[in-house]
Every structure is written in C-alpha cells, then in structure tokens.
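Given next, in structure tokens, is a single chain: the form predicted alone.
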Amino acid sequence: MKIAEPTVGRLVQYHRLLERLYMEGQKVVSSQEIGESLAFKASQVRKDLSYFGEIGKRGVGYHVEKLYKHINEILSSPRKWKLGLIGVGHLGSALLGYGALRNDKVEISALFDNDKSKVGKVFFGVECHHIDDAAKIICRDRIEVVILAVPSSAAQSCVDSIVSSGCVKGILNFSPISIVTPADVLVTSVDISVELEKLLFYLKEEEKKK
C-alpha cells in the first residue's frame, strides 16, 4: 500500500509526541488529544492511524506504549543508513550539530566541500573531503543518502557528480533550487524561503478575517 507523503510526515510527528508521552508515563491518549497537541483534526489522526490497522478503541483511545512501539516499528530502518554531507558552510555546520542526524538510523560518514581550507579537517568527528572526490568516496564508503547544503549555483553540478557514481539512492536537498536526478534517485527538498512565504501568506489571510 502506497502511503501519501503528508501522511508519512504526520506519522513522524505522532511518533515524537508518543515518545514524549511514553517517557512521561502517560498510559492512554485520545485522537483528540493528539490532534490538539499537533494542530491536526482528530478525524485526520484517526484516518492516518487506520492505515496501519485497528490500534485504538472507540471511547477509550490509544494505549500510548503500544501505539508508540507500533509506529516505531513502522518507521524503523532495516539497517543504519550512511549519509554524506556536501557543503560545510553555515547551514552544513548547523546540520552537523543537529542531534537528529546522529541516531540508530543514520550516521554522517563523510563531508565534502570545495574550500581547500576545510578539506582534510575533521568536523564533529567526520572528515571533510574535496567535492571532486565525492563520487569515489561515496561508493567506497557505501554512502546511499546525501544531504545537499550548497549555494544554488553549485547544486546541480554537485548532484551530477555524485549520481554518476551510481551509488546514491536519495538526496535531501537544502539548496533553494529544484535539482534534476535520474528516476531511481529519490529527492526531498527543504526550501526554508518557501516555507516562510507560506507562513506569511497564511498570517496575511488570518489578518484579513479580523
């Protein structure tokens, strides 16, 4: 069964919330409580969770530990993914220090940049290589996912270089342009400026109602 991307995104948020509730010792939670905590409709919560079987009881709610472990199993990875990060500038350095990129699912194994002053140095325990060596090192170290944090002017050339290796399966793109990849390479783009524009638009619409 193919699950829509927005549903997967909400599932990750459910998992985070349930982890917190589980750690706090809460035993039961309703779809209404989940919805209010995450700004979703209760009906949306029930619909999302119904994709994965009947794991709640009408009038009772969801058993927090059971639901948390159930979603954890759904999201669990069959192995630990090795990541490469291209661009050790301000954004890349911030991502390196982000705890969510260091867990039992993922590990940043190699860094790449074209700044010779950074090549050969170690950042957060990971060595930085020249971008010209990226394709070779990605295959050598069996890196399958690459985070792209470079200026738009360099994004596509970096992508062309790494996908030529034939080893990259997915790219998380933080560059503010759309990138072109072969059909067998999955791309998820995170454009902060677009998200900000969306937020400002919704705020403007809310002000019109007042």
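None of these values were measured; they are calculated from a predicted model. All residue numbers are counted from 1 along the displayed sequence.
The same protein also has a form predicted in complex with another copy of the chain, omitted here; what follows describes it.
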Work out which of the listed stretches, 61 to 69, 176 to 184, 23 to 31, 41 to 49, brings a heavy atom within 4.5 angstroms of another copy of the chain in the model of the complex. 176 to 184
With the cut-off set at 4.5 Å between non-hydrogen atoms, does Gly170 touch another copy of the chain in the model of the complex? yes
Check whether Leu101 has any heavy atom within 4.5 Å of a heavy atom of another copy of the chain in the model of the complex, and answer yes or no. yes
With the partner left out here, check for me: in the model of the complex, does some heavy atom of Val145 sit within 4.5 Å of another copy of the chain? yes
Is Ser117 near another copy of the chain? Define near as a heavy atom within 4.5 Å, in the model of the complex. no
